[in-house]
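Single chain ahead, written as C-alpha cells, the form predicted alone.
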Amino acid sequence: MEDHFDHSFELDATLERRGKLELLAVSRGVSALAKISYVRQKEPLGLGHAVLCAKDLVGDEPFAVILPDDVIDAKVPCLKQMIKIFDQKGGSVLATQTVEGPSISLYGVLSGSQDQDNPRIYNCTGMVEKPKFEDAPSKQAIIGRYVLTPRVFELLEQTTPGAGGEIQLTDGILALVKEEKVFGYTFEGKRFDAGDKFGMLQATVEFALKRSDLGPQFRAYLKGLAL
C-alpha cells in the first residue's frame, strides 16, 4: 500500500522520456490523491492490535477502520453514509448487512433492537462472534467498516489477548458498548467479499463493466463466450 501510493521517480522519468504523457498523468495522479501517513503492525497480533498501533497517529479524534477485503459498491460511499449516522446519533457505527440462514455463522452478529426512527439503524447492546445459526441474536452481520470513538483505544489496551496472543477489535467494541452508544447501520450498496476467490472475481467483473473505457469491450467479450 505504501509503495502503491508513493511517487515513483524512476517510472515517471521513463514515461516522460518516452513521451507517454497520458500514462505519466496516471502515475502522478495516484500519489496526489491524498496525503497519507503510515504505521506498521510489526507482528500479526489481531485486528484490535492493528487498530491500536494507530493510536498515536489518530489521537483524541473519532476515526474509521476499513477492511480492504470487503469491497463495497455504492452511489454514496459506505463510509460517508456511516459518518452521517455518527454525526446524527453521536455514537460509534458498525456497517452491517442482513444475512439470512446458516451463513450468519460466518460473521460477527449484533444483538439489540431496530431503531424506531430509521429501519437501517440497529441499537447495539452486544455482539457474538460467529454464532451457531440457532444461537444468532439477530440477522445483522458486521461488515468491515467501522466509525469509532477514540475511547476504544483505551479499552483495547485493557483487553486480554486471546488465542495466539491476538487482541480482537470485537472485544474492544464489546467493552465500548457498556460505556457508550454503538449502532449498526445497514448500508446502501453492494458488498463483495474479496477475501474469497469467487467474491474477488465477482468484484472484478462488475467494476470492470462499469468503467467507461473498458465496460463496452469487456461486455462484448463476455457475451461472446460459449457458456
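We call the rigid core the largest set of C-alpha positions that still match within 1.5 Å between the two forms. Predicted model, so just to flag it, every value in this text is computed and none were measured. Numbering starts at 1 and runs along the sequence shown.
Here the subject shifts to the form predicted together with a small molecule, a form of this protein not shown in this document.
- Val39, Leu201, Leu67, Val30: which sits within 4.5 Å of the small molecule in the predicted bound form by any heavy atom? Here the answer is residue option Leu67.
- Can you pick the one in Asp115, Glu157, Glu129, Asp73 that has a heavy atom within 4.5 Å of the small molecule in the predicted bound form? The option sitting close enough to the partner is Glu129.
- Message: So, Phe86 and the small molecule: in the predicted bound form, are they within 4.5 Å at any heavy atom pair?
- Response: Residue-level check for Phe86: no, no contact with the small molecule.
- Query: Would Gly91 sit within 4.5 Å of the small molecule in the predicted bound form, counting heavy atoms only?
  - Reply: Because no heavy atom of Gly91 falls inside 4.5 Å of the small molecule in the predicted bound form, the answer is no.
- Task: Look up in the predicted bound form whether Tyr146 has a non-hydrogen atom within 4.5 angstroms of the small molecule, and give yes or no.
- Result: Flag for Tyr146 set to yes.
- the small molecule contact in the predicted bound form: Ile142, any heavy atom under 4.5 Å: Yes, contact at 4.5 Å.
- Message: If contact means a heavy atom within 4.5 Å, which one of 58-66, 166-174, 22-30, 181-189 is the stretch that engages the small molecule in the predicted bound form?
- Response: Going by heavy atoms within 4.5 Å, the stretch is 166-174.
- Query: Comparing between this form and the one not shown on the rigid core, is the C-alpha shift at Gly164 2 Å or larger?
  - Reply: It does shift by 2 Å or more.
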